[in-house]
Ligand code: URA
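To begin, one chain is listed below as structure tokens, in the form predicted alone.
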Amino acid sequence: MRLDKYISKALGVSRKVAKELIRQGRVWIDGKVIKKADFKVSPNAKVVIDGEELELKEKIYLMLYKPKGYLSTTEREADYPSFLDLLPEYEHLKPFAAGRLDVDAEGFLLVTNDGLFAHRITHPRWGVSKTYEVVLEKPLSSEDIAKLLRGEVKIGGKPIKVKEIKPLEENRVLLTLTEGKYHIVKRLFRSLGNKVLYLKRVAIGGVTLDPSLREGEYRELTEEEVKKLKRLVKLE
């Protein structure tokens, strides 16, 4: 990769700014000052600017604990901030959420800039599970649970089969789905005459929201977590 392109990607600056940094002699590669913008950077090269080593990350995979009141889209609206506001240092890599989470819901938002990965994680064909902690207005009856598991509850005329539902308390359950329709959890329970009071996504594809993360915090997925998700969608 050309040096000016490498710096542009690593710092999130324009090629013009990158070339100026190079011209000023502020860029070192493997201990030597490099002043040519078209210098080819090898994969294992150590690139340093003003004494700080750069790390180029082409693809990112983040676990964000999205708080309530944040959009899971990249658009900024007057009423609500975007999740991007919680990740300013990654914004130059153009991240997006692999699957939406309602503005009044919280929990695991999978953030990446890998388009194929995100498409497969969210497409029903691949059946990647999403697990939610749900607090309901009324307790679920055993009949309601049976209907959900048998796929007898419909949304938009299409039956939605729940992969698993586990009662935790009288009106609190863990719900696992492999589909991601708009407001799907709320609509499922609304079809049963119930109302969702609290919604938190706690897992995607068997990768669980890190309990050490607080609302608004994030971390990079571990190498094993990325491999696990990629194996589910045949990318590994």
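All values reported here derive from a predicted model rather than from experimental measurement. One-based numbering along the sequence shown.
Form predicted together with uracil: not shown, discussed below.
Note on the partner interface in the predicted bound form: the residue among Val128, Leu140, Leu101, Ala98 having a heavy atom within 4.5 angstroms of uracil is Leu101. This chain is drawn without uracil; in the predicted bound form, the residue among Leu192, Ile34, Val185, Leu209 with a heavy atom within 4.5 Å of it is Val185. Looking at 163-171, 24-32, 176-184, 44-52, the stretch with residues near uracil in the predicted bound form, meaning non-hydrogen atoms within 4.5 angstroms, turns out to be 176-184. With a 4.5 Å cutoff on heavy atoms, Val111 does not count as touching uracil in the predicted bound form; it lies far away. Contact annotation: Ala105 falls within 4.5 Å of uracil in the predicted bound form, judged by heavy atom distances. At a distance threshold of 4.5 angstroms between non-hydrogen atoms, Tyr132 is in contact with uracil in the predicted bound form.
Using a 4.5 angstroms threshold between heavy atoms, Leu199 counts as touching uracil in the predicted bound form.
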